[in-house]
Each structure stands twice: as structure tokens, then as C-alpha cells.
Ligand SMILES: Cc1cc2nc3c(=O)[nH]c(=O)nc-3n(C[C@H](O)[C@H](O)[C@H](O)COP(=O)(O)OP(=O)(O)OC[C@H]3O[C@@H](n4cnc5c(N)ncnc54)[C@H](O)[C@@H]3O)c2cc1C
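We begin with a single chain expressed as C-alpha cells, specifically the form predicted alone.
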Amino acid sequence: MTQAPTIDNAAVDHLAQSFSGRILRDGDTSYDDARSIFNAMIDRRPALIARCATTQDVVAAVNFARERDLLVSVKGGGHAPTGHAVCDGGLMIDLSLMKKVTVDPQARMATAEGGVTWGEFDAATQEHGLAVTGGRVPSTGIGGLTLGSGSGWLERKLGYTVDNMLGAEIVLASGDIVHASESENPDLFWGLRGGGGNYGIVTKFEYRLHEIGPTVFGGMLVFPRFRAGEVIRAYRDFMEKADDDIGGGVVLVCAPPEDFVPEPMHGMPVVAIIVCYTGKPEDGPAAIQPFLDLQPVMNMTQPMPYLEVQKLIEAGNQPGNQQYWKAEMLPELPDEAVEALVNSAAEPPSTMTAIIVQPLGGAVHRVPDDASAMGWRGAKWAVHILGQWPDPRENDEQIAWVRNVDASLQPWVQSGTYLNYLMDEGEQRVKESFGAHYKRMEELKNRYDPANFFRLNQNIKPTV
């Protein structure tokens, strides 16, 4: 662990005097809660935690760290598996107190502060029957997900989250507050939409909203695991030409020990189709008839609140577990790739591990490649392997299993992948994931963060 720097107590006290939030030091009440994140594999101890309540708090924390050459991490929802939200020995800037969401239903716009989670954001927008593509687990922070491009069940209908981003308030490494949009600092706005946290701390996000909900047709169709190849192939064939209103994915999971699952199935590997249909709810069964024709052993689809669709995989994605993720983007999903995935994932060592096969296309493919910083518009499929288990003594075995599943897909994957799913792949994979945009992003880094003050992220190194 990095040796914590010596920080003058008088300077910390001076910072705290004008701070609307709270400054935490090791040993303070709430220190351990504040440094805890979704991935229990991460156990780091910042020298200071600045729990910001306002944008001015963020400015003060950035200036404090820059003037003392402190390593900085930024926590929004703390959901990213990399653990970049927490640093050892530096200053952790925690946005989790910044929770304000303002919705303008007439203009179909929303402004949300950087500490808001998708569950909180969805609840505010659904009061007006409005939504935007958001995280699949309610505890995910809007900040990290949006800046990494923003994948969710609605992406085929609405595009990625960044495709619906209208503007942002951002605190730069200099401590300056700027606004970025198509008309103000458009170069920075382009880089924020997919560039991760490389350019500063976004304290407010502005989104375009769409009429979704409050009721949609959604849920799960469950099949025995031995039918996984058949179900994935049928799903692939249908989704290649499906209407944009049909979102969701296929998941390889183990049946949870819930009341709605027959007891003999508890813990058994299964394959399930997740449905999020945003047309008229009454049209849902007809829209997914090819899935129903596969004769699932459990049909849990029905008209339901969009908020409940957003919770469909929440029970299997709880904090406090070891996390190791891999993800790939595929231009196509041939039978050979399906077979390789099904075979390599046949015997998961943890009942908590899940694999999501996500259909892309639709609105995702109608946005030009150069509209934002993200670099993998053309992929038709994404495969996300979420290794999760409670016992750290199993880390080597569980990580090896995830890596083996990922390796089985390599003949069919593209070089770049979704930024938010990267863990330990290194600088080259980051470059590949930005593709042709990387040079432009380097130039933005040189302009807005030439000292690489913000480097605990999927980092773009400055060249100046």
C-alpha cells in the first residue's frame, strides 16, 4: 500500500471551515463506509475523503489536492469494478451527497448532480413517464456510466446514454468550472461523451428524456441451461431484425433462492431472456411471440413498471462481493461463438456469476461514429462476464474461470470494447477501445489536464 503523505492538519481544518460537506480522516465515523465500494476486492485507505455537497466543495477539494500534489480519486456511485473510485494515501473526492435531480417534463429534460444513482434518477423521471438509457443495476452511479458511454436495456430504442446527453458542468484540474455542450466548449463535450473521467469531475449532467413508461412489458423467460445454445441462437436470429422497442438480453445465470423460483431449481444454472418492450404493453406478448414459442419453463413477463424492469438483475448484483469482469464486443455472433461461450461457461464456480449477451443495433447504429468519443459503434453484440463471489480465498479460481470464458470468445471479438467493463487490460486495450478517436482524445487531455491530475480512470495519458 502506498505510504500516505503527511498532510498539515491546520490545512485540513482550514479546508473544512468553508466546506459544505464533510472532510473525513482515517478513524472518523463514516470513513469506512465512505471508502467502501461495490467491489469488495478493493480495500484502499485514502488519507482524506472529501464528501462534497456542492460544486464549490469539489472546486475546493481539487485545489487542495493539486496544490499538495495528492493522488485523487473520484467516487460517484462506486459501482465500477476497477475500484478507481478509491485511492490509497491520497484524496478521495466523494460526490455521493450530491443528489439533486430536476425534471422539466414539458421540455423533456433533466439535470442531475454527480452523486445520483440510476435508481434515484429513474424514480424522478418516471414520475412524468420519462426515461433515458440508464444502468441495469439501480445502485450504479450516473456519472461513471454516462462518461463511459452508458449501456442499458433501452439502448436499441434510445441509443447510449451519451447520445442523450445535452450538457455538463465540469470542474477541471485547474479548479475552473466550465459548461460543456454542443454550443459551449464543444470539443470538451465531445470528449466527455465516452472519455471516462479523464477531463475533470462532472458535477451536473443534463439529459434529453423520452416517453417511456411508467408501464412497459417486461420480465424474464427462463429455460434449462442445456438449451442455452438453442436459446441464444434463436434470440440472435430474431434480434437481428427486431423492432427497436424490443430491448433486453440473454443471461447465463444460476436460479436465485427466491420464492418465485421452484425450490428444486435454486442454484441451478439456467438461461434466461430478459425482456424490456417499450411499445404498448398490451402488444408485448405478440411482439415477443418467437421467444414464447421456445416454451420457457418459467414465464415471468407481464406489464410492469419500468422501475421494476430496471431492478430485474438487482438481486444478483449486490455490493459486498468480490468482483472480476470481462467484456467483449462482437461484429457478429456466429454459431461457433455461441457454442464456445456455452461450453466454457457450462460449470460456473459461483452461483452469483452472470453472463449477459446484449443485442446492439437499432438507435445505437444510427449515430455517426465520430459523434462522440466512444469508439465501437458498429458492433452488433456485447458479451459481459460478471464474475461475482463472496469468499476472497477463491479469487484465483474465480478469476481464472472468467478469463477462460473470455478467452473462448477471442476468435470473434473486435479489438475495442465498452470502457466501463474494462478492468486490468492495460493501456493498449484502452487505446483500442477508443480506436480512431484516441489521437483527438490525447489532444483534449493535453489541453484540459496536461499534468494527468485525473489519472485514476481508463487513462488517456497526455503527451505534453
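All of these numbers come straight from a predicted model, not from anything done at the bench. Just count from 1 along the sequence shown to find any residue number.
The form predicted together with this ligand exists for this protein as well; it is not shown, and the discussion that follows is about that form.
Only one listed stretch (288 to 296, 264 to 272, 135 to 143, 339 to 347) carries heavy atoms within 4.5 Å of this ligand in the predicted bound form, and that stretch is 135 to 143.
Put simply, of 421, 401, 412, 434 only one has a heavy atom within 4.5 Å of this ligand in the predicted bound form, and it is 421. Out of the listed residues 164, 215, 317, 322, 317 is the one that sits within 4.5 Å of this ligand in the predicted bound form by at least one heavy atom. Remark: residue 64 does not count among the residues lining this ligand in the predicted bound form, judged by a heavy atom distance of 4.5 Å or less. When this ligand is considered in the predicted bound form, residue 75 lines it closely, a heavy atom lying within 4.5 Å. Within this chain, residue 151 lines the site of this ligand in the predicted bound form, having a heavy atom no more than 4.5 Å away. This ligand is not drawn, but in the predicted bound form it has a heavy atom within 4.5 Å of residue 202. The three marked residues, 80, 95 and 456, each reach this ligand in the predicted bound form, with a heavy atom inside 4.5 Å. Contacts between stretch 84 to 112 and this ligand, counted in the predicted bound form as any heavy atom lying within 4.5 Å, involve 84, 85, 95, listed in sequence order.
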